[in-house]
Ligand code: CTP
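Single chain ahead, written as structure tokens, the form predicted on its own.
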């Protein structure tokens, strides 16, 4: 039986993207009911959504002049998921304050928070407005979920956070909502981001990793029912539904990992960890001179190797970032670090929105094609479970 999605469309300029969301959801065999606010109908004709969804589009509390069907209760109770994409500043304020003065907010008032998924879209200054921040935090505390907006050019001509998440990611979030809880009762540790090793108070050695792959894995594991701890180094990304420990250096990451490691079942070491650090950190800013500046470096702590040497019941999954001979070097690293599985990650994936990887175990390997990292994270987990026996090996 098809899952029933109620798609709420609000008066954000990003409302036109909802047309593609509906098309994709229909393509993926979802049954979609579109609910539009009055402001949304000023941007897009309801007929457009009717044509794409092959279904009634709701715009009023009293469809066809009758309240016999109690539309807001019917849609709240009979749907499997309520996706508000885009969600405007106005709707956030109404839901936070408990206002239900139109069909969409009445549906949200009648639905359990865990059934609702908000995808914000608004100007960066509106998104960062203290009232918006307060409302968002209130909704999180009540159990509502969010698809975090992207950073980038906005319709008003400015740039910043507030851009509606891309359609691929939104559709994947909907799919993830119905993933079986294959990882329930599992405790999972994931590292993400790029560590820094300081030369002086403001300069450091680092890399271009955004942490997107690790954050996507953490979200996908959480969606499959796992108890996830994310240790993130220097990433601007956020995931409010997860426990996230922020660190900067390898030493800080090592300390936090070792606190959690004995108590988890599965570990994904997805962070891009600095292999070297300066022998001496200057307490004052290094001054410019006419002489050649020589940096003396030493090897950093090897967290993955230490985990491999001390693991007991844990399944250890490492990442190998390479610019050449990816498969061969990832296989060698898996053996050398005593990891159960190694994920080969081409350097071209760094700081990108998508990527492809190799998954490597002692027995065999599999290549996953390029796709968004949110989609890739889910495919990685499915592949590990179905082809690599993730849930059969020691956990």
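This structure is a prediction, so every number in the text was calculated from the model and none was measured. Numbering follows the first chain given and starts at 1.
Beyond the structure shown, there is the form predicted in complex with this ligand, which is absent from this document and is the topic of what follows.
Here the chain stands by itself, but in the predicted bound form one stretch of 89-97, 316-324, 278-286, 133-141, 316-324, has heavy atoms within 4.5 Å of this ligand. Site residues 184, 218 and 263 are none of them in contact with this ligand in the predicted bound form, judged by any heavy atom within 4.5 Å.
In the predicted bound form, none of the heavy atoms of residue 35 sits within 4.5 Å of a heavy atom of this ligand. Taking the partner from the other structure, this ligand in the predicted bound form has a heavy atom within 4.5 Å of a heavy atom of residue 301.
With a 4.5 Å cutoff on heavy atoms, residue 274 counts as touching this ligand in the predicted bound form. When this ligand is considered in the predicted bound form, residue 362 lies well away from it, no heavy atom lying within 4.5 Å.
Think of it this way: in the predicted bound form, this ligand has a heavy atom of just one of 226, 170, 269, 82 within 4.5 Å, and the residue is 269.
Applying a 4.5 Å heavy atom cutoff to this ligand in the predicted bound form picks out 333, 336, 337, 342 from 328-342, in order along the sequence.
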